[in-house]
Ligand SMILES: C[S@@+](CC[C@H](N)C(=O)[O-])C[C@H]1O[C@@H](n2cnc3c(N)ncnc32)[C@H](O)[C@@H]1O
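Single chain ahead, written as structure tokens, the form predicted alone.
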């Protein structure tokens, strides 16, 4: 890793800044050392790659997924093209179409989580110029090592790290775009993963995520049953309910034979904004805000009938009639002259 990148990383638990110590370097490259936070958390650097994985003891689901991943690293690149050829798809066209959704510029700073052996990393790097930068992360040491080797001759600055996709070691608003394809279904906390991607992406930036998921309209078909029998991950539901509140202009597309989803969204700030205070025309009247925050206890059916009859006689909206009546009665009972 480069010296100045050490100050960019933060403690993935507390988000405190990290201090580089015990560093061994080769020029501006840190070969080994330790990144330490104020909380005392220590993250080792080995062969130029920081290990920023948290939790320090992974949950069972993550441990099992990591074991399975490590076991198949040797055959991964050899057999992965079958995923595309099974459905008559061109792998490069599909991957490029997904990366198009990131809206990258030559100077973009991009995070790829679950980067694997780098099949998408090299395409992302091709979209960046000399001012751009790509951070690649994976939970698997073996897969990340293949990624580092693949990206070694790439001209774009690439910074690899071992990290958990739902505890990202970066400050808020660090990236122009965030990308993850494959494996998110196996995360122990998918909701937190989406939240973290939105947290580290600048407002207005893009998040693009994809994985297996049989669409609802195909679930009760032989096509579906055959695929799920071979790969149970096709039965995983589409994780729309796990998206963060910051998701804007959200789109869902099924690709690769219609059995992989791609979700992309623009990162916003907090909950969406809307005008809840404009007067709503019509008999009911009021505003969205008064209709929600101005609720009172119910009345008898006869009281409701009389209220509607009186409102109609005055020509006011029900909101205005009720507001006037309640105010008058309250002031009378309180003995106020306001």
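Nothing here was measured: the structure is a model prediction, and the numbers come from that model. Numbering follows the first chain given and starts at 1.
Same protein, other form: the form predicted together with this ligand, not shown, and the subject of what follows.
Asker: Note which of 132, 205, 116, 160 lies within 4.5 Å of this ligand in the predicted complex, where distance is taken over heavy atoms; exactly one does.
Answerer: Exactly one listed residue reaches within 4.5 Å, namely 116.
Asker: With this ligand left out of view, which of 219, 152, 78, 72 would have a heavy atom within 4.5 Å of it in the predicted complex?
Answerer: Of the candidates 219, 152, 78, 72, 72 is the one lying within 4.5 Å of this ligand in the predicted complex.
Asker: Would you point out which of 221 to 229, 132 to 140, 170 to 178, 234 to 242 contains residues with a non-hydrogen atom within 4.5 Å of this ligand in the predicted complex?
Answerer: Going through the listed ranges, the match is 132 to 140.
Asker: With a cut-off of 4.5 Å between heavy atoms, is residue 105 one of the residues that contacts this ligand in the predicted complex?
Answerer: Contact check for residue 105: no, nothing within 4.5 Å of this ligand in the predicted complex.
Asker: Given that this ligand is not shown alongside this chain, does residue 199 nevertheless sit within 4.5 Å of it in the predicted complex, heavy atom to heavy atom?
Answerer: Taking the distances in the predicted complex, the answer for residue 199 is no, it never comes within 4.5 Å of this ligand.
Asker: So, in the predicted complex, is residue 32 in contact with this ligand at a 4.5 angstroms heavy atom limit?
Answerer: No - in the predicted complex, heavy atoms of residue 32 and this ligand never come within 4.5 Å of each other.
Asker: Any of the heavy atoms of residue 101 lying within 4.5 Å of this ligand in the predicted complex?
Answerer: No, residue 101 stays farther than 4.5 Å from this ligand in the predicted complex.
Asker: Hey, with this ligand in the predicted complex, do 9, 11 and 48 all fall inside the 4.5 Å heavy atom range?
Answerer: Verified in the predicted complex; spot residues all out of contact, no.
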